[in-house]
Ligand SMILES: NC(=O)c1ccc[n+]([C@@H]2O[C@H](COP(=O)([O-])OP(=O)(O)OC[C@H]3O[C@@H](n4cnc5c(N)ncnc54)[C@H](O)[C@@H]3O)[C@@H](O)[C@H]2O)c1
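Shown below, as structure tokens, is a lone chain in the form predicted on its own; questions about how it binds or moves come after it.
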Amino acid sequence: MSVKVGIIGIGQMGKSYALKLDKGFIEGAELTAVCGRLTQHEWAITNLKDQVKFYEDESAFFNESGIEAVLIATPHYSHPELAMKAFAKGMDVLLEKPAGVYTKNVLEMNEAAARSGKVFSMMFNQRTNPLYQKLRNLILSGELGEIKRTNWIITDWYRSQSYYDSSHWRATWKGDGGGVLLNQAPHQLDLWQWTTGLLPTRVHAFCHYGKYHDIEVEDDVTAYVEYENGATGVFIASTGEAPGTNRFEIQGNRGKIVIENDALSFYRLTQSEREFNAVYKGSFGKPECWTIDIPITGENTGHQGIIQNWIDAIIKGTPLLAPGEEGIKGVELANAIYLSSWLNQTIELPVDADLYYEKLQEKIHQSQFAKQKKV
């Protein structure tokens, strides 16, 4: 069996996915159609097989191409709308991150997916990384004990002004729907909750808009969160720091795990801190700790691994590594961070979807940002 796959959105990532499918890197899948702007037609003719049909018209792509599954790689705002069109046509869907810009229509998309019964996956390619898979296994198996604190500094997403100037829609509320949280850090927002099994219940955040660049959205974020079990966390992201940092630290009752420089270190206590605290009678003692460099094995298959997993789920019923319905969790976190920054107050999760949508529309309508035209 071979699944007839179409791709809508032939930008940088869409082209990459098209080439992987067209060159046969995905077993059980055949690229039969792509949909993009007329200016991308020449690229399709030059780089894809003759059998791959090109569509400029979205309706024709969905109604006439004969595809059975669609990979959506268009700008953020269109993700839920296109996914719902695909589900209505009985198509399986693989959606580029983020799931959307606001939870209001992501919820509608998830409901449409559930009604359709089709295979729905997110392009969370970092979930294929053995480093984060090992972290998730250690935490969910109880090796770290109950989590006390999470801390992720992800500031190595450096972007120059020329990057933001490359497209008129980039880094605008109307075009992108956000900055570093929506464009660069959705993977970390997903991994933050996926590896720990915890989704915050309260958020208080500070976003700085155009701090390092001539843009209207955020390029620097610090968010403080609280979890139901009493744990706390901090998430820091920026596109204006060089050299940046990517350090994820999780503190539990039985020690601390640190991921940095593609390595996982487990500072493992020989006795739970809570147990030690209850019985120790001295003044300055602390639990014995072993420093363990955890070996990481396996291949990081990235985007190709997620596409293959999606196709295998369609053909063989293989469990999805990144179920589409889980995409809302990262959007929920981003919406809470934005809303907290805009209102300067602590936000309870789940976010008030209508309130966030209302405030986002205000940002869009009040925007007076205009990029300088290049001479």
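When you see a residue number, it is the position in the sequence shown, counting from 1. Just so it is clear, the structure is predicted and the values come from calculations on it, not from any experiment.
Beyond what is shown, the protein has a form predicted in complex with this ligand; the following relates to that form.
Checked against this ligand in the predicted complex, the residues 74, 155, 172, 116 give one hit for a heavy atom within 4.5 Å, which is 74.
A heavy atom within 4.5 Å of this ligand in the predicted complex is found for exactly one of 190, 92, 219, 96: 96. Residue contact with this ligand in the predicted complex: residue 123 places a heavy atom within 4.5 Å of it. Contact annotation: residue 37 falls within 4.5 Å of this ligand in the predicted complex, judged by heavy atom distances. Residue contact with this ligand in the predicted complex: residue 127 places no heavy atom within 4.5 Å of it. Of the heavy atoms in residue 353, none are within 4.5 Å of this ligand in the predicted complex.
Between 235-243, 130-138, 97-105, 281-289, the stretch whose residues reach within 4.5 angstroms of this ligand in the predicted complex through a non-hydrogen atom is 97-105.
Taking this ligand as positioned in the predicted complex, the only residue of 303-319 that brings a heavy atom within 4.5 Å of it is 303.
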